[in-house]
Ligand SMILES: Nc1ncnc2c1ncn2[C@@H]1O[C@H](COP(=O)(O)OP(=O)(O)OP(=O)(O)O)[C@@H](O)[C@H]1O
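In the form predicted on its own, a lone chain appears below as structure tokens.
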């Protein structure tokens, strides 16, 4: 028995020695980071296209004072990146984790969280110097990302905390829809609207990432990427990374981007419309069935059909009838209706409107 026990101890010690040996898995490896995080702005100057917000924040950083902030606008325009970059500049890398509390929609943010977690963090007092000796503001920052998903009572509970702890804490509310934030909160904050990024700004950033990652690309591919992302730079960078992984060491083309983004090829949309204008109902049925069987989302087909219908040579009355039906179909799809039947009902209206004089 003793020999058996000794044998196991010897084996275990050998294993431990092997684990600690150089050149094994204990050595630090560079972990791959998503490009969205890798190329996130590190300072306020790197934030693209949001000139008014950057100007105000830079002045605030100079004076080391900051009002309560409310950032709103479409996704992927730099709201979270801006406040995180400003916080890093204010507090430095050492104090950043102690001075900033970030709560996202994934965290529970009912009234209990506001009463306990937020309130307790807000009541803490902090010093006015950093570990590196530089001056830093004597307050903390609480970032409430996607604040429009907070419950009404939780938003109401936040009002008093914002006023009471104004000496030691600043709040930054981030949301997509400012109308979902209650009026007493919006009046306590400086509001900043983040605009969808201009095409040339997106192109600049994407080309910069392409050069840093040594990617081969075509002009059409980058243009398709900008068009598909619709002002959302985060979406554009994610699609670029997916495309780079799909076509390793090959050129990123328009076709690659269309495949990754789940966009319906424009040829298919044009063929469907031409079938509606000149073909029979049976041919339209086959065309829709083919599109649904290919796995294209009905909502995406609807968006692209809307763009094509607006450009068609139809009078305003016919266009309004078709777009009104599109609104009904969109609502039905959101409620979980059958995609094939809804697209068929829409195409029947297009056939009807195009055939009438």
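Just so it is clear, the structure is predicted and the values come from calculations on it, not from any experiment. Positions refer to the first chain, counted from 1.
What comes next is about the form predicted together with the ligand, which does not appear here.
Contact annotation: the ligand lies within 4.5 Å of heavy atoms from the stretch 226 to 234 in the model of the complex, the single such stretch among 250 to 258, 179 to 187, 226 to 234, 151 to 159. In terms of contact with the ligand in the model of the complex, the residue from 302, 291, 321, 36 that brings a heavy atom within 4.5 Å is 36. Checked against the ligand in the model of the complex, the candidates 307, 65, 52, 46 yield a single residue with a heavy atom inside 4.5 Å, and that residue is 46. Remark: residue 74 counts among the residues lining the ligand in the model of the complex, judged by a heavy atom distance of 4.5 Å or less.
Residue contact with the ligand in the model of the complex: residue 169 places no heavy atom within 4.5 Å of it. A residue is said to contact a partner when one of its heavy atoms sits within 4.5 Å of a partner heavy atom; residue 241 fails this definition for the ligand in the model of the complex, lying far away. Shown alone here, residue 197 lies within 4.5 Å of the ligand in the model of the complex, counting heavy atoms only.
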